[in-house]
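Starting off, we have a lone chain in the form predicted on its own, written out as C-alpha cells.
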Amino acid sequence: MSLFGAIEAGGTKFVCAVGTNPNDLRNEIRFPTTSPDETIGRALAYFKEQAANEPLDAIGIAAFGPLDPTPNSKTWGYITTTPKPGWANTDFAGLLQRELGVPVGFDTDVNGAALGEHRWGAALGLDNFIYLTIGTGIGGGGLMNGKLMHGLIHPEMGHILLPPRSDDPSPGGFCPYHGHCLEGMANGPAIEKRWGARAETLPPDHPAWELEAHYLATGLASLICTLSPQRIVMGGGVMEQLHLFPLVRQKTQALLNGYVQSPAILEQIDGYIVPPGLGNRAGILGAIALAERTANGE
C-alpha cells in the first residue's frame, strides 16, 4: 500500500507526518518555523528517517505564501514574496524532491486544507466550494469544477478590499500592503490591535465579535457573488470561537438581501457556512491528499 509524507508549513510552525488518511496519520512532529535552512533541514531529516523504515511514494506540502504552484515555472516550489523574514524566494519543494527522490505536490496551505476537506471532510462530494482560514492571517482556496484554484498564481482572498465601518475604532486596518483588506480588518492580530486583547480572551458578548462578523460577512458576500460556491468552510484559530458562526451566517444573509436565490442561503445557511469537518487536522491531512494526487499523476 502507498505511504505518503505531509508537511503543513505555517509561518509559525511546521507539522510533518506520514500516513494515508485520517485514520492512518503516523509519527507526527511539530517544530518552530525559523530560518529556511534550519526548518527545511529538520523536515528533510524527518522524512529521510521515515523513508528508511518504509519507502514514501510522494510528499505533499501545504505552505504559507505567496508561493509558486505552477509546475512548468522556473520558480515552481518556491516561497516567493512572503513578508516572513528570510523566506522570500526560497526553493522549498524542489529541494525536497531532489534530496528525497520522490514526487512532491506543492500548494498553498488553504488549497491543501480545501483538498483535505474535499477528500474526507465538510466538502465531501462537492466540486465547487471555498475554504477560508481566519487566524494569524486570512487566506482562501478551494475547488472549482473539481480542480484546485490556480490562475496567475493562486487566490489571495484575504486581500480583497473592504469598506471600513464608521464605528470601527481602527478604520485604517492593519495590513502592511492594503490597510483595510479582509485580512487587515479581521485576522487575529487585527482583533488584538483594535481591542488591546487577544481574541480568545474576549467574552462572547464583547463588541469585537459583532464587528468581526460584519467584516467576515462582507467578505463572504463578495466571494459568494463572485465564485458562487456550493459551500463555504471556515477554519483557523479565530473561528474556534464557535459563537461567531451564527453571527456570520446572519450577517451574510442580510448583506445578500435575498439576491442570491438559493435554498442553501435562504433556508439552509447553517449547512452552507460551516466549520471544517477535519478540525485542526485539515492542513496536515490536506498535505496527505496533495501527496496522494501527486502520486496518481494528477
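Keep in mind that this is a model prediction, so the values were computed, not measured. In this text, residue numbers run from 1 along the sequence as written.
The same protein also has a form predicted together with ligand ADP, omitted here; what follows describes it.
Of the candidate stretches 97 to 105, 169 to 177, 130 to 138, 82 to 90, only 130 to 138 contains residues with a heavy atom within 4.5 Å of ligand ADP in the predicted bound form. Proximity of residue 223 to ligand ADP in the predicted bound form falls outside the 4.5 Å heavy atom cutoff. When contacts are judged by a 4.5 Å heavy atom cut-off, residue 253 does not count as touching ligand ADP in the predicted bound form. Interface residue remark: residue 236 is counted as part of the site for ligand ADP in the predicted bound form, having a heavy atom within 4.5 Å. Among residues of the shown chain, residue 209 is one whose heavy atoms approach ligand ADP to within 4.5 Å in the predicted bound form. Contact with ligand ADP in the predicted bound form, defined as a heavy atom within 4.5 Å, holds for exactly one of 213, 162, 149, 199, namely 199. Distance criterion of 4.5 Å from any heavy atom to ligand ADP in the predicted bound form singles out 241 from the list 33, 230, 241, 70. Of the residues in 172 to 196, those that come within 4.5 Å of ligand ADP in the predicted bound form through at least one heavy atom are, in sequence order, 188, 189.
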